[in-house]
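What follows is a single chain, given as structure tokens, in the form predicted alone.
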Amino acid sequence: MYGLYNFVTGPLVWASFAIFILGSIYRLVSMYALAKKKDAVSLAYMDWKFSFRSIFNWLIPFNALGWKKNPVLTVVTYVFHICLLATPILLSAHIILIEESWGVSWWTLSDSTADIMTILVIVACAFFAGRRLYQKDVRFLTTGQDWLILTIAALPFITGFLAYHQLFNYQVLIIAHVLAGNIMIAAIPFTRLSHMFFSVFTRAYMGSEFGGIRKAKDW
């Protein structure tokens, strides 16, 4: 069991980050080449001003019409993304491991705050799953990849929560937690999790078209 732990926290972590970095570069370059080949005109009218205007306005909760029409979804979506990103980066247990390996550290969340944020991610995942099961229009559009992504996003937090509270077998859970985290990191460039990169470009494209061509807001 100790050897398996060393493997998932050592070589497998390096492999996951290598896949993440190289895969992200490949996806960004290939998407740019595809856009240049299929829709070169769109690149010509991309505008920094309208791009940043659109991105900024869509980052403000309840500023866009889509956010206003679905207030519950808006709140859950914002809470989910903030907790999903901040919790692993600011978790004290993660920072301790990084400091032991590379001698660097930064400010951390208290364990109780991180615990609450972990629960919020799990609850948000349950909310998204409920929408896909019970809301007809969402269910119609749901594919197997949507369930896969939801599972990949939820598992590191579920296993981390269970391991932190030492429920069930701690050794098995901590290995499952690290493994789930590695899978999530490696999956980002090749699944819909890649929207963490591409949503910026999509928003810039929409902002440039609406602002520069249609002379209208896109939020």
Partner chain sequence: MGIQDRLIEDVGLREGVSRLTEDKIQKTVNAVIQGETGARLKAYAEICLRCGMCTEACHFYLSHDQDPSYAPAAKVKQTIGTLLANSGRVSPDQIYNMAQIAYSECNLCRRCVHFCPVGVDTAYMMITMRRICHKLGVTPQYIQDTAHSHSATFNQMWVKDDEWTDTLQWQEDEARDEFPDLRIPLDKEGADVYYSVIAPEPKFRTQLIYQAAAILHTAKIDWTMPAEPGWDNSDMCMFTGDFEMMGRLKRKHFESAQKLKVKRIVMGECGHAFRSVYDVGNRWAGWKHYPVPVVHSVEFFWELLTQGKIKLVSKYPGPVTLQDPCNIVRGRGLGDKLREVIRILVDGEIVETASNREHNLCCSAGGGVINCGPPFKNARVAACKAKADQLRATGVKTIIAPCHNCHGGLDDTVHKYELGMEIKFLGDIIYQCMERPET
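All values derive from a computational prediction rather than experimental measurement. Residue numbers count along the first chain shown, from 1.
Missing here is the form predicted in complex with the partner chain; even so, the following discussion is about that form.
This chain lacks the partner; the member of Leu90, Ile149, Ile82, Leu97 within 4.5 angstroms of the partner chain in the predicted complex by a non-hydrogen atom is Ile149. Checked against the partner chain in the predicted complex, the residues Ile60, Leu167, Ala44, Val29 give one hit for a heavy atom within 4.5 Å, which is Ala44. Judged by heavy atoms within 4.5 Å of the partner chain in the predicted complex, the contact stretch among the candidates 137-145, 82-90, 118-126, 104-112 is 137-145. Contact annotation: Ala35 falls within 4.5 Å of the partner chain in the predicted complex, judged by heavy atom distances. Although the partner is absent here, Leu12 is not a contact residue: none of its heavy atoms lies within 4.5 angstroms of the partner chain in the predicted complex. A residue is said to contact a partner when one of its heavy atoms sits within 4.5 Å of a partner heavy atom; Met1 fails this definition for the partner chain in the predicted complex, lying far away.
The partner chain in the predicted complex comes within 4.5 Å of no heavy atom belonging to Gln171. Looking at 160-197, the residues that come within 4.5 Å of the partner chain in the predicted complex, counting any heavy atom, are Pro189, Thr191, Arg192, Ser194, His195.
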